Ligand SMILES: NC(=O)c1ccc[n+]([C@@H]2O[C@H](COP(=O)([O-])OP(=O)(O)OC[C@H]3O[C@@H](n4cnc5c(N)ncnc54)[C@H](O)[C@@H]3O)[C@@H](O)[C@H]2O)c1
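This document opens with one chain alone, in structure tokens, the form predicted alone.
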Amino acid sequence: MTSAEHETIFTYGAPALKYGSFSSDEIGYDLSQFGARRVLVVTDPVVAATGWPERIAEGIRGYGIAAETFDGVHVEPTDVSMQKAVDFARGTGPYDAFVAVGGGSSIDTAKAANLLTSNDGELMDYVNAPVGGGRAPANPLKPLVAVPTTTGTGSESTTVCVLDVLSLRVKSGISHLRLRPTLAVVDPRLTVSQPAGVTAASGMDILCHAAESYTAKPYTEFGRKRPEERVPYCGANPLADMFAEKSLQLLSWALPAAVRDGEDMAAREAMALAATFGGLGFGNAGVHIPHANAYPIAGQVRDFHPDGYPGDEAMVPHGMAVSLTAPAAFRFTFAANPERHERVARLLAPDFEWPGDLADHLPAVLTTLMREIGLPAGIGAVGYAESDVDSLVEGTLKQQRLLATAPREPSEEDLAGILRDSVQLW
């Protein structure tokens, strides 16, 4: 490939951002600036029980805007649970804005409800190919205000909506620029009630967002695209790198501190910033192998239930699923850019006692941190064995949107090796 055939353009997009304690009290004013008269607040039962969604709804009503609430969001959303939210929005609407209060599950569900009340068709029409139809929305979406109550997914910054397709036992998503929230309101007070187990899992999601985007295939190594071919994930680039580095620096101390003491407001504020910065980075550069592996790990779960999560149904939270193969994945991708992998390790643990092989530095930092914050010791600890590797590889290979951003292209054998090495991490 000649230089004239290489990409020379990277793109960057982000929502408007309002960060800081008490910022959620101003959402009514913010919606009034969009001309909203009737909005749907989307949340889940656990977050609803904290009182925050109703407090936000009352603040919205204080500006003369009608606010309806849907509180049936499912933790780790499925096509079935998202359809319930879509049906509610279609049946009680029309709405001219949406407000999501919760973790990535609530924000992604609000994205789906917004998409399917602004455009015709059904959910699976828009799910990424080859799982779904991969259709792009024809019409603009309504304003969406995303108010995260967990520090992890970065969904308040991204163009992606993630869901489990139950009939296929696979996790997939919808990805389009029009899904990006209009405004992200990040109020650290809303994260204080997040249990330690949720803080640990979602914190590792932030970490992997930053580390994967920083080590992603550089945008200059892709083939040149026509304007209509451009996608949100364009590869590592200088702007995304800046956000990723700052996110990793904050996480280095704030993640273990927030897991130890959920009421440590300095740590909570730093985690909220780290999540926001991580989302601003990976929402443009992209993520790669750990996230691609996470989809089948979460989608094929049999009987694991994590601490700190509601209900008793089997699940592997997204951030946990991402982290479990990250050490082995980064050992595989190390050769593509040793300097960047070493930089990630040093940002996370500047005082770490390093093993001899440079390729083991980042994996060692990750496993040390995972043990400290109480993450499972590999995919074996959430119910998988080596006999499951072939099925997991099959699921990973369906995530071509993510694998395309990997700095080193993995074969089926490479993916199988990463998963086998992740059965037991320590």
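For every residue, the number given is its place in the sequence shown, counted from 1. Keep in mind it's a predicted model, so treat the numbers as computed, not measured.
This next part talks about the form predicted together with this ligand, which is not shown.
K.L.:
Are Phe243, Ala326 and Ser422 jointly within 4.5 Å of this ligand in the predicted complex, each by at least one heavy atom?
P.N.:
Checking in the predicted complex: none of Phe243, Ala326 and Ser422 is within 4.5 Å of this ligand.
K.L.:
Using heavy atoms only and a 4.5 Å cut-off, determine which of Asn284, Asn114, Thr149, Asn293 is in contact with this ligand in the predicted complex.
P.N.:
Contact with this ligand in the predicted complex is made by Thr149 alone.
K.L.:
Only one of Ser213, Thr333, Thr276, Ser105 has a non-hydrogen atom within 4.5 angstroms of this ligand in the predicted complex; which is it?
P.N.:
Exactly one listed residue reaches within 4.5 Å, namely Ser105.
K.L.:
Is Ser247 near this ligand? Define near as a heavy atom within 4.5 Å, in the predicted complex.
P.N.:
Because no heavy atom of Ser247 falls inside 4.5 Å of this ligand in the predicted complex, the answer is no.
K.L.:
Residue-level contact is defined here as any heavy atom of the residue lying within 4.5 Å of this ligand in the predicted complex; does His318 satisfy this criterion?
P.N.:
His318: yes, in contact with this ligand in the predicted complex.
K.L.:
I'd like to check something about Gly121: if you look in the predicted complex, is any of its heavy atoms closer than or equal to 4.5 Å to a heavy atom of this ligand?
P.N.:
Although this ligand is absent here, Gly121 would stay clear of it in the predicted complex, with no heavy atoms inside 4.5 Å.
K.L.:
Is there any non-hydrogen atom of Asp44 lying within 4.5 Å of this ligand in the predicted complex?
P.N.:
Judged by the heavy-atom cut-off of 4.5 Å, Asp44 is in contact with this ligand in the predicted complex.
K.L.:
Among the candidate stretches 347-355, 213-221, 128-136, 190-198, which one is within 4.5 Å of this ligand in the predicted complex when only heavy atoms are counted?
P.N.:
Answer to the contact question: 190-198.
K.L.:
Between 199-228 and this ligand in the predicted complex, list the residues on our side with a heavy atom within 4.5 Å.
P.N.:
If the 4.5 Å heavy-atom criterion is applied to this ligand in the predicted complex, 199-228 yields Ser202, Asp205, His209.
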